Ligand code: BG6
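There is one chain below, alone, in structure tokens, taken in the form predicted on its own.
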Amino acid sequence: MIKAVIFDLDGVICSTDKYHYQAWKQLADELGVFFNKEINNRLKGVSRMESLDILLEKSEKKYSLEEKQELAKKKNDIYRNLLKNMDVNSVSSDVLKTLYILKRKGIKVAIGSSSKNTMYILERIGLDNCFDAIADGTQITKSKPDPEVFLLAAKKLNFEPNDCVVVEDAKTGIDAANSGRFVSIGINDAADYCETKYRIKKVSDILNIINEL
């Protein structure tokens, strides 16, 4: 019996993809580095510093760790400013309905996100007090595909991985869920990934899967 659902944040509970892209694109343009949506897709589920390394692959200049940290901070400042455009209307009725039904059924809900902006985003969209546990990028040392963030969320809930399903939109997130021995559910890009256990078109589809498990 499934006792909890651990959600990735970006691309599952809400979509911040366009803000990430705009922030990375602005930084790339300032550095004179080629960057497009195809490269941006490689950044999904990846930590900020690892994402920066991918962006700088096409740079002729070599940057020191200190310089990279400054660039990553600059990108995050741009990104957080863009996040001011988010509010309670940034969450779909499908997501809100699903969270309500899960809670009514007594199933715990948690966030497992590599983002260090998780709490800020949840506050912007009005869901900062909705989840029973939150594990994010400020609490982990290893990014997905390492399962650390999901294992931490499960630990905070006092459940074992096989008591939980993980809902992800990125391949790295699915890999993390699988390696942590969680039941993986994929939406959007992750729904087309061969390693995904269950595939859904909308978040509320997880209700049918949970009923079967």
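The first residue of the shown sequence is 1; numbering continues from there. These numbers were taken from a predicted model, which means no experiment stands behind them.
There is another form of this protein, the form predicted together with ligand BG6, and it is not shown here; the text below is about that form.
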| item | value |
| --- | --- |
| Which of 57 to 65, 181 to 189, 146 to 154, 42 to 50 lines the interface with ligand BG6 in the predicted bound form (heavy atom within 4.5 Å) | 42 to 50 |
| Residue 76: touches ligand BG6 in the predicted bound form, heavy atom cutoff 4.5 angstroms | yes |
| Partner contact for residue 98 in the predicted bound form: ligand BG6, 4.5 angstroms, heavy atom | no |
| Any non-hydrogen atom of residue 116 within 4.5 angstroms of ligand BG6 in the predicted bound form | yes |
| Within 4.5 Å of ligand BG6 in the predicted bound form: residues from 5 to 33 (heavy atom criterion) | 8, 10, 20 |
